[in-house]
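Here's a solo chain for you in C-alpha cells, the form predicted alone.
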Amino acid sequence: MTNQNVYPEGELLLRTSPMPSDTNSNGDIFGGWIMSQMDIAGGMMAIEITGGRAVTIAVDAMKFIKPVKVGDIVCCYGKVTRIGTTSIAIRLEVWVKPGFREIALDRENAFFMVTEASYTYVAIDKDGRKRQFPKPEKC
C-alpha cells in the first residue's frame, strides 16, 4: 500500500453498495467481492481504451486496510499507469463512504481508502488471441 492520500487518485469508475449475501460470518464484506468490483471497474476502463475485448491477466498484491460493511457506499477509482501495444495497467483504489448512521457518529472517518492494486489487462480479438490496439492520444 503506497497511497497515503486523503483523496482518491484517478477517475470514479464504479459506485455500489454491498448486500448481506456479500458478507462473511462476522458481517464484514468478503475481500473477494471487493476484488471483483475492482476488476469490473478496471475492465470497463480497459475496454474503453483498447476499443474492444480485454481480459485480466494480473493483479499485484492487495492489503485490506479497514473492513467494509453492508450499507457502505463502495467507490472504485482508476488511473492508467501504463499502455503497451497489447496490454494496459490500471491502478485501482477502493474508497468507502460508511452507512448513514456511522457518518453521523464519526464525521472524521466519513470517507476512507479500503485497498488499492494494479490490474493488468490484455486486449484480445474475437478468438481470444491478444491483439494490438492504437494508443489513445489522451487518457
Ligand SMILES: CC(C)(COP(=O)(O)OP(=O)(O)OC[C@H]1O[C@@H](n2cnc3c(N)ncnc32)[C@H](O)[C@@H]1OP(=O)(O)O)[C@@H](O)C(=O)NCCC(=O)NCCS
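A quick note: this is a predicted structure, and the numbers were derived from the prediction, not measured. All residue numbers are counted from 1 along the displayed sequence.
This next part talks about the form predicted together with this ligand, which is not shown.
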Exactly one of 70, 55, 40, 110 comes within 4.5 Å of this ligand in the predicted complex through a heavy atom, and that residue is 55
Considering this ligand in the predicted complex, which of 27, 84, 99, 51 comes within 4.5 Å of it through any heavy atom?
-> 84
TL;DR on 90 to 98, 56 to 64, 30 to 38, 73 to 81: the one with heavy atoms within 4.5 Å of this ligand in the predicted complex is 56 to 64
Do residue 122 and this ligand share at least one heavy atom pair within 4.5 Å in the predicted complex?
-> yes
In the predicted complex, residue 15 touching this ligand (heavy atom, 4.5 Å) = no
Give a yes or no for residue 128: in the predicted complex, does one of its heavy atoms lie within 4.5 Å of a heavy atom belonging to this ligand?
-> yes
